[in-house]
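Only one chain comes next, encoded as C-alpha cells, the form predicted on its own.
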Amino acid sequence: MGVIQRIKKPTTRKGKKVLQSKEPKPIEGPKQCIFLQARNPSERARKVLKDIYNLKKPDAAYLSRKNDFVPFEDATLIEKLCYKKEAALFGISSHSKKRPHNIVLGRTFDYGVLDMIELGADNFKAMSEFHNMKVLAGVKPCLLFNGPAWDLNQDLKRIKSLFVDFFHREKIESIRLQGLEHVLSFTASDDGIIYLRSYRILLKKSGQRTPRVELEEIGPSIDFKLRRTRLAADELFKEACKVPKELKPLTKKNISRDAFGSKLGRVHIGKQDIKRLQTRKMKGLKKTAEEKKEMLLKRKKARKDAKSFQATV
C-alpha cells in the first residue's frame, strides 16, 4: 500500500520548485537509494551494507539509526522514508537466529514497494581488506552477469533487473576505452547462491593499438544466499516499465532500405495533366511559321463560330 499523499499548494516560489522537482519526469537521472538498519544488525551485515553504499555513492544516503521493523511483514516505514528522501531504492541490514547476516534490497514505484529480495551474506571480504588502489566514487561500473540462470529463471531475471537499477547511473550515448575503470561481476549458481565481485580494470601495453586488459579485485567479495523474494505482479511491473509517449520514437512511413543499406523513399504526388506539363524548350520543338499561321486561323474560326452561336440563341 502506497503512502497517502496530501494535496499541497505552494505559497512561495521556492516551494513551487520543490514540488516540481518531485513530479515524475520523462527523462530521469540516477536513482537515489537509502540504506538503513533494522533490529539488531550484526557486524558483518553492517559492513556489507556499508560497502554496497560505497559502491552506490554519491547517489545514496546512509542512515545509521536502528529501526524496529520487519520489511517483509510491514513496509510502511520504508515507503515513508523513500517518499521523504525521494529515493526509489533501499537497502536494509538485519540479523536474527533464523536469518543471520541478512540483507534486504528493493525498489519502489509510486512510493510503494515494487520488488524486494532477501539475501544472506554467507562469505564476506570487505573492501578495506584489499590493500590496493580503489576506483573513484561516482564512476559508472560495467555490469557482468555470468551464467545462463539469469535468463532461464524468471525470479533471477527480475533480480537481475533490480541489480541493474541499483548500480546503473546516468544514461550515456558513448564511452571511451579509458573511461572503463570498474567492473561488477554477478555469478548465479544452480543452488541459489549469487557471487558478487568487484574489479578494477587495468590497461597494459600490448605492442598493438588495442591494450591488454587485466582485472584486479578491489572488493567487496560477497557470497549471497537467496532466501525470500517479494516480486511485483506482471501487470504492475509492466506499468512501472512504461515508456512515456514523448520518448517513443516516431515511425517514418514510406521509408525502407535495400539489401545494400541504401535508404529508399516513396513520394506520393497528385494526378498530373501531361498536356499542360511544361517541358524543356528546344529549338527543334519550335513551331514553324506555317504551323503558327494555321493555329491562328483555327482560333479565329473558333471565335467566329462562338459569336454566331450566341447570336442565334
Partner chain sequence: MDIVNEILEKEQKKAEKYKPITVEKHLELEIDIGTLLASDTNDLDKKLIKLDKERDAYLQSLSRDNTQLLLNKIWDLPTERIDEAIVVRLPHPTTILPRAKPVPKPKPLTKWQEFAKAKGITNKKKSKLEWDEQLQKWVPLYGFRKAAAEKEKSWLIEVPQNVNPMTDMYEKKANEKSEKVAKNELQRLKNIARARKVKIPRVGLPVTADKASASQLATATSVAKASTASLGKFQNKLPKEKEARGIGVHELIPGKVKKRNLPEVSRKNLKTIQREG
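Residue numbers count along the first chain shown, from 1. Source: prediction; values computed, not measured. Throughout, rigid core stands for the largest set of C-alpha atoms superposing within 1.5 Å between the two forms.
The discussion below concerns the form predicted together with the partner chain, not included here.
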| query | finding |
| --- | --- |
| Any non-hydrogen atom of I201 within 4.5 angstroms of the partner chain in the predicted complex | yes |
| Contact of E43 with the partner chain in the predicted complex (heavy atom, 4.5 Å) | no |
| P26 within 4.5 Å of the partner chain in the predicted complex, heavy atoms | yes |
| 4.5 Å heavy atom contact, K31 and the partner chain in the predicted complex | yes |
| Residues D74, M127 and L226 all lining the partner chain in the predicted complex, heavy atom within 4.5 Å | no |
| Residue (of A188, I159, V113, I92) lying close to the partner chain in the predicted complex, criterion heavy atoms within 4.5 Å | A188 |
| Heavy atom within 4.5 Å of the partner chain in the predicted complex - the one residue of A233, V164, A137, M133 that qualifies | V164 |
| Those residues of 101 to 137 which, in the predicted complex, come within 4.5 Å of the partner chain by heavy atom | R107, T108, F109, D110, Y111, L114, N123 |
| Shift of N146 between this form and the one not shown at or above 2 Å (CA, core fit) | no |
| Large Cα shift (2 Å or above) at T210 between this form and the one not shown, core-fitted | yes |
